[in-house]
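Same chain, two forms, each on its own as structure tokens: structure 1, then structure 2.
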Structure 1
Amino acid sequence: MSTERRSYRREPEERRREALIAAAIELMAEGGPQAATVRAIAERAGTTPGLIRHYFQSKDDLTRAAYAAMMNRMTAESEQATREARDPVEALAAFVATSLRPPVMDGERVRLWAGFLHHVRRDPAMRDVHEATYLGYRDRLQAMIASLPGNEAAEVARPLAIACNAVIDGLWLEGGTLPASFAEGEVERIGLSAVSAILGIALPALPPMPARED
């Protein structure tokens, strides 16, 4: 019988913390919140259960960090698409469209979000994370709206951002939950059309996504 023990990786502090967060998200995606036990997270991340407390005060603290990481990553992915935009209108179109196509709009992420939302209801600290990540996305959207002529004032850009964000959130939820109910690219097109109507401008369509290889 083999007596070989699992070897634990020695990595920089921040990378090890990120590995624990990634492990928690993966386990929640695979089996729901109940699958992300401290022992399972440690095993998936290649560390020991006791070491988790070096990075997180509690399991709830790790759950909050996982939620923040997932939400911030989606915002970063949407924002990354704006880097090659030639003007503010094209940047806004890229931000909206990317928010409504994979990998941002994804069934697994919607399920994870729904699981995290259960914690938001009972945990004030988790509610703070929810608010911060929501505002992080909305503030970025507001900044892009404010860059359009006539929308520079905060009292103009803010309600427009709230309205546009509500449209994007609703489409993200429905498109991620029931992808077979929509034609290819339909959710994205609806989002661009709705945001265009709210803002009174024409947002250009993005090139279609490359076909997935099976």
Structure 2
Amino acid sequence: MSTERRSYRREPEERRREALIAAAIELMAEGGPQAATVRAIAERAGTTPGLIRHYFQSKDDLTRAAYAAMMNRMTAESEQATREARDPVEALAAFVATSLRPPVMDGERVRLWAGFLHHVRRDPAMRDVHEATYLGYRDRLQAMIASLPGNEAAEVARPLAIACNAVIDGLWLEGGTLPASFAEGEVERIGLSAVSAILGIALPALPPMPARED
């Protein structure tokens, strides 16, 4: 007579936490902060709302964890891009190119990042993650630039790194939110030539690239 309880599997804590975090990120990317409700997150993760409070002290706590996970993933992806390169110029080109093509340059990612902005402002822990991630990006960019002849001094490398980072971020933003306004590979090409102009060096053309016939 009474509705029967749904069956379930016990999962290790880490796996559950990751599943809930992944669900929260997905929903936030698709529909913004308002779409990432505890019920929607639980359903997406294949569980029930109550479980969220078992693994996270509050929804804000889950939001914090989701933000940190997103930032860590983005950092890891861009690090991997430069890992295969041998000389700094090649690393620079790979860094720029991978930042300006999918899956990094993507509308859902831009909106996901944007959706966190107001949380970041309020939560000190999230603000620290934000600042550390941005400065981490910039410092790695600055290190690559400083290894080029004539740019050794920090007073020279710093503004160049800020400028190059801005080019990447700006193109990432526009290419992600308005993909129809650019031709295939155009954003990436413009990014490479802009960085070349700012640094006064020649950058090798895009290393790999999925094919596409015209």
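We call the rigid core whatever largest set of C-alpha positions still superposes within 1.5 Å between the two forms. The model shown is predicted, which means the values in this text are computed figures rather than measured ones. Residues are numbered by position in structure 1's sequence, first residue being 1.
Legend entry - Form predicted in complex with a further copy of the same chain, given as structure number: It is the second structure that is the form predicted in complex with a further copy of the same chain.
Legend entry - Is_shifted residue 182 between structures 1 and 2 (CA, 2 Å cut-off, rigid core): The answer is no, as the C-alpha of residue 182 shifts between structures 1 and 2 by less than 2 Å after core alignment.
Legend entry - Displaced residue check between structures 1 and 2: residue 60, CA, 2 Å or over, core reference: Comparing the forms between structures 1 and 2, which are aligned on their rigid core, residue 60 does shift its C-alpha by 2 Å or more.
Inset, instruction - Kindly check if the Cα atom of residue 126 is displaced 2 angstroms or more between structures 1 and 2 relative to the superposed rigid core. - result: True for residue 126: a C-alpha shift of 2 Å or more.
Inset, instruction - Having superposed the rigid core, state how many Å the Cα of residue 34 shifts between structures 1 and 2. - result: Spelling it out: core superposed, C-alpha of residue 34 shifted, distance 2.4 Å.
Inset, instruction - After aligning on the rigid core, report the distance the C-alpha of residue 43 travels between structures 1 and 2, in angstrom. - result: Superposing on the rigid core gives a C-alpha shift of 5.5 Å for residue 43.
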